[in-house]
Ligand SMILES: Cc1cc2nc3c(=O)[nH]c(=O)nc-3n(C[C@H](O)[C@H](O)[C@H](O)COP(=O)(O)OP(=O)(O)OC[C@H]3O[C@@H](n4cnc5c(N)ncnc54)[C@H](O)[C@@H]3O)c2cc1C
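In structure tokens, one chain follows: the form predicted on its own.
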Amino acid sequence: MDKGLLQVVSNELVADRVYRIRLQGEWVNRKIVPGQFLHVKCGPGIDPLLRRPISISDVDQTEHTLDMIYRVEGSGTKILSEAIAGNQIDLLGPLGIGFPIDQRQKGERALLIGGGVGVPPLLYLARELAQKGVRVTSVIGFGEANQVFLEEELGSYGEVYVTTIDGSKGHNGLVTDLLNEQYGLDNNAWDVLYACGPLPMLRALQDRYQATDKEAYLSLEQRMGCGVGACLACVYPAAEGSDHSYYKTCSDGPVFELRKVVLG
């Protein structure tokens, strides 16, 4: 983990209150695992005081660029949305444990499931899996059509299913509504599952696949203070039989094997 300054290349609106910021600098040349995040200082002064954890959505080490996609939720991300090309962004990272992909083999099938602003880290993951020859299928869910993003980019690496709760784009309903034989997405259709999104979605996936003997990993979204495991603001109870009582999302995660944490 290092502190760095990266220059803003672009910062564009890609969906309702959702921005993609592209940063550039030699700092990008370090090893970055899909699913890791950055702790971002959103403004030049002391307000807001705390950094914001934002996932890395893509990396291009040839161009020395990385992308983050974030939704404007409060003062910090509002300030970040006003950054323009040429500004510098102060960050810590890469932080956390990302999605395990080293053991993936050519010809395996990966099912990627994302909801809302949980979708961005799946893009970098999809690219890395595709480069290994893994067959990628993505299922991404949003509230309504104007919130949908990354459909086309994920489509570069495999089949993509889109759901919206109001039915204004793609399938009407939740991502979990598609995980059955009707859509060819039941648990016989994949070898490994990776998911990132809101807690109710992750809890539903954990309930559904708790008993499966296949590999499945969840990336948890959580409010964080320090981002490095010191403040204990982001803990989840560990499942029975674990070496831990609690896991810190920032340093033990954000990616966990599906059965290791209690999502409540």
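On a predicted model such as this, the values are computed, not experimentally measured, just so you know. Numbers follow the displayed sequence, beginning with 1.
The next section is about a form of this same protein that is not shown, the form predicted together with the named molecule.
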query	finding
Residue 61 within 4.5 Å of the named molecule in the predicted complex, heavy atoms	no
In the predicted complex, residue 73 touching the named molecule (heavy atom, 4.5 Å)	yes
4.5 Å heavy atom contact, residue 141 and the named molecule in the predicted complex	no
Proximity of residue 66 to the named molecule in the predicted complex, heavy atoms at 4.5 Å	no
Which of 129 to 137, 113 to 121, 81 to 89, 167 to 175 lines the interface with the named molecule in the predicted complex (heavy atom within 4.5 Å)	113 to 121
Residue (of 239, 220, 201, 216) lying close to the named molecule in the predicted complex, criterion heavy atoms within 4.5 Å	220
Residues from 38 to 54 in contact with the named molecule (non-hydrogen atom within 4.5 Å) in the predicted complex	52, 53, 54
